[in-house]
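Below you'll find only one chain, the form predicted alone, shown as structure tokens.
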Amino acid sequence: MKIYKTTKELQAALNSLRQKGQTIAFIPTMGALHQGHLSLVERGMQECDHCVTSIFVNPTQFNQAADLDKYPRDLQGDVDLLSTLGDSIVYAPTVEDVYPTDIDTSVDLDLGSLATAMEGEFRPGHFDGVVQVVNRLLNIVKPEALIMGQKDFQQFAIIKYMIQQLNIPTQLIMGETMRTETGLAMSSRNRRLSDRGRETAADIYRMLCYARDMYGITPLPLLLQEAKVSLHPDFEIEYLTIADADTLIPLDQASTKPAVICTAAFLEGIRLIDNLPLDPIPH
């Protein structure tokens, strides 16, 4: 396990590896790691010779300063967890290292509907911060492969668009959502739920599976209504949307193109997100 806290140190180490013809995979995280993150690191190790995991709580993607302050930070715990996978590289920079005052790290990119739907409606400016930090980290690491999780589907779609528009020479790979035995998507936020809350939270996956199974059979407005009603009453649904998988524009009827059902809901004051891909319906 090698830990680098400055861009200069990290890049020197990566340049040495590249001089030997070795390839680099990259997993950007904000720490508070769990098995879902480890699955992405394992995928990175399969794809390339080495894997870099960044642990950086990015201030530009938080809408509220209080949310930034209370975000869990446990670098040693994260490093210990990563060490179970064997030899890997950790990049744990400071804010000043990622955003030095002598470099313009802003990204001029119109995200259109990708950033205004779903998460974007309730977290204005969030994805501008995501694009800024991922672009900056890609410029630092310059990986052959970028591994990101399916659970944050909207984020994945936006970074895919960014890579295409900016012609970044990195392959983007989606890692599947890791789930508990009950189907709950693994998340750093789950640790803030009570035992009862974690059991109740599994209702999200059951709801999404129901919608997936009835997609193309039940008209979409009715399907979404039935799905919401099926969710445990302790939930407060922020959004439940079936959208085009590429543009994230909400659909009003089942599509012959790939689609995705996405949701965000509060339980015990904790905001949980999840999604499932929907197969195209036959022409």
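Values in this document were obtained by computation on a predicted structure and should not be read as measured data. Throughout, we count residues from 1 along the sequence that is shown.
The form predicted in complex with a small molecule exists for this protein as well; it is not shown, and the discussion that follows is about that form.
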item: Every residue of Leu114, Gly120 and Asp246 near the small molecule in the predicted complex, heavy atom within 4.5 Å; value: no
item: Exercise: His37 in contact with the small molecule in the predicted complex, heavy atom 4.5 Å; value: yes
item: The small molecule contact at Met30 in the predicted complex, heavy atom, 4.5 Å; value: yes
item: Contact of Pro143 with the small molecule in the predicted complex (heavy atom, 4.5 Å); value: no
item: Interface membership of Ile204, the small molecule in the predicted complex, 4.5 Å heavy atom rule; value: no
item: Heavy atom within 4.5 Å of the small molecule in the predicted complex - residue from Glu96, Glu176, Asp104, Glu199; value: Glu176
item: Proximity to the small molecule in the predicted complex, single hit among Met186, Ile163, Ala92, Leu85 (heavy atom within 4.5 Å); value: Met186
item: Options 77 to 85, 152 to 160, 208 to 216, 104 to 112; stretch whose heavy atom lies within 4.5 Å of the small molecule in the predicted complex; value: 152 to 160
